[in-house]
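Only one chain comes next, encoded as structure tokens, the form predicted alone.
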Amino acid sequence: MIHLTKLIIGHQSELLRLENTLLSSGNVYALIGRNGIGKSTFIQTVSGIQKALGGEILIESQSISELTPREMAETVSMVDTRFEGVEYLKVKDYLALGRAPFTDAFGRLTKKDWQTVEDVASDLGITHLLEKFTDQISDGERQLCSVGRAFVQETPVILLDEPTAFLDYINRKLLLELLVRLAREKNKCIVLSTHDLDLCLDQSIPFLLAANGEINLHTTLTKEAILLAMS
């Protein structure tokens, strides 16, 4: 699904590099590493927000450098660390923003678009929130809504930048379990940056370990090995 070849990421100077790495559909990958090492830059680079310093990113055999903004929006969706909510914006309308790449010039939603919103809300167990305003629900509920908007966008790739950072333990656990299930059921390739090592280990999530200027994919790692690599 995502093929990274000799990728170099950074701003003016190099932060991290990857050699030949393939991330498959139906899986969640946990991007881990110390603060400031470049995890957010990696997420932004794969999403096309930040230009790579070198190498190539292929998604479904297409280079993202050749995709138009609309094609990128149909290919990759992003979830930020925190969604604060917007006054008078209902959850159903926030989720519907995920359909923006597919609407006409006037942004009109079809019955199919609204059905997608309802289906995703059902998958995430947030149907009861649809008529509530986004600034009047809990942090955990808002983060589920952010994930829901990405699924409503129906992209093959979903990128999440520390989506559990402001959640309590129970909500972090539930969110990770949900992502693993939906990645498998919806055949998505999901990459999230996180510090929740124990929860990822419990879910047998493969790691993209950022350390010593490189990102390497590991399908089996112990917590001790991870901490040693990041020390």
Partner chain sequence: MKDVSLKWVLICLLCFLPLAMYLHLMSGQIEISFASYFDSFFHFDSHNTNQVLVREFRLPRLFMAMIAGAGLSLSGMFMQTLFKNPLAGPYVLGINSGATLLIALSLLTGVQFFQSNFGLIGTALIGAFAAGLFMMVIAQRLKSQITLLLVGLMFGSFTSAFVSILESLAGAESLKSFTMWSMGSLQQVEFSQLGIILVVFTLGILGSFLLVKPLNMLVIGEKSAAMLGLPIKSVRMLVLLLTALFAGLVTAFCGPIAFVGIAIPNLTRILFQTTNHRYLIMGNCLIGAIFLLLTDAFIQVLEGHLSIPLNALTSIIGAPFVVFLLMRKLR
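Numbering follows the first chain given and starts at 1. No experiment lies behind these values; they were computed from the predicted model shown.
Quick note: we don't show the form predicted together with the partner chain, though the next part is all about it.
Close approach of residue 98 to the partner chain in the predicted bound form, 4.5 Å, heavy atom: Judged by the heavy-atom cut-off of 4.5 Å, residue 98 is in contact with the partner chain in the predicted bound form.
Heavy atom of residue 47 within 4.5 Å of the partner chain in the predicted bound form: Heavy-atom contact with the partner chain at 4.5 Å: present for residue 47.
Residue 36, heavy atom within 4.5 angstroms of the partner chain in the predicted bound form: Because no heavy atom of residue 36 falls inside 4.5 Å of the partner chain in the predicted bound form, the answer is no.
The partner chain contact at residue 153 in the predicted bound form, heavy atom, 4.5 Å: It does: once the partner chain is placed as it appears in the predicted bound form, residue 153 has a heavy atom within 4.5 Å of it.
In the predicted bound form, residues of 134-150 near the partner chain [heavy atom within 4.5 Å]: Counting only heavy atoms within 4.5 Å of the partner chain in the predicted bound form, the single contacting residue of 134-150 is 149.
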